Ligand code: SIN
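In the block that follows, a single chain appears as structure tokens, in the form predicted alone.
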Amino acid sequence: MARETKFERFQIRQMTGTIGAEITGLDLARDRSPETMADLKRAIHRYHVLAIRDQKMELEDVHQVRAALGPFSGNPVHEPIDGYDDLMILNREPDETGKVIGEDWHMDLAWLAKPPGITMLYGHEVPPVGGDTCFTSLEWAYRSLSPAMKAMIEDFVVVHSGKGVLGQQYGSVKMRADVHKIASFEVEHPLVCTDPVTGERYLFVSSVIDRIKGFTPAETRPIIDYLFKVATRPEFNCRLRWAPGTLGMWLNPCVMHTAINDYPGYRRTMYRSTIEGWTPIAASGKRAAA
């Protein structure tokens, strides 16, 4: 499928040869027209990760951008901000130590029947250096596989589980009072999926895969570990360097990401929301049962 590369409502510069783009010349606090939102959606399906620079946004502006892009996906893990059910704060204080939230390669809420389609993260207060987020393309990971490997995994269905999420409480990030319920969440997703907009195939791998359906855990692990290793190869990566006023967006099912923990002594405060996605579509035409 041909890919559009021209955008009339903003300037765009590709980050790497495989994934990511920076956007300038756009003020989302003023321009949230349907035409602009359509261009942003086209850009995110093209580049998968967007860094929209030089935004001046309050909580209401982030909320309005989310609403203009689509319905809120829901978040059964984190406590929302008072007055905004669709927003949460990711906050790291200067004196906090240990791991940061999202430090390992992962996909947001992959264990939901319909994972978020787009994740938004706004840099309200960011360190002068450090605190970047790295992304990797699951589309390019699939492309790199041999024909024999593609044929072998074509019809695989994998079970994603919420049971490992409860241990991921970091510092001052607030969890919902009923978060214990997610330990029972399990969902089946195709391992090879199709982007409903572009028709491109991608690997639906995440850090919460419990097993391949029909396989034992011992049989599953070498396959998933190999695909995870392929998916995180550096040539499929980009690094989003945050600055005050940067709004990051990524096409959640088509990427994994990891937060870089290299800013001790500095505060980092981000506003986060997620836009409803799609039920994963098997590239083979067979749909997994949730």
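On a predicted model such as this, the values are computed, not experimentally measured, just so you know. The first residue of the sequence shown is number 1, and the count goes up from there.
Omitted from view is the form predicted together with succinic acid, to which the following refers.
Using a 4.5 angstroms threshold between heavy atoms, R9 stays clear of succinic acid in the predicted complex. Though the partner is left out of this view, H257 does reach within 4.5 Å of succinic acid in the predicted complex, counting heavy atoms only.
Interface residue remark: L90 is counted as part of the site for succinic acid in the predicted complex, having a heavy atom within 4.5 Å. In the predicted complex, succinic acid lies within 4.5 Å of some heavy atom of L121. Note on the interface: of 189 to 197, 105 to 113, 211 to 219, 142 to 150, the segment with non-hydrogen atoms within 4.5 angstroms of succinic acid in the predicted complex is 105 to 113. This chain lacks the partner; the member of V157, V126, I182, I101 within 4.5 angstroms of succinic acid in the predicted complex by a non-hydrogen atom is I101. Screening S207, T133, S161, S73 for any heavy atom within 4.5 Å of succinic acid in the predicted complex leaves a single hit, T133. Contact with succinic acid in the predicted complex, defined as a heavy atom within 4.5 Å, is made by all three of W250, R268 and R272.
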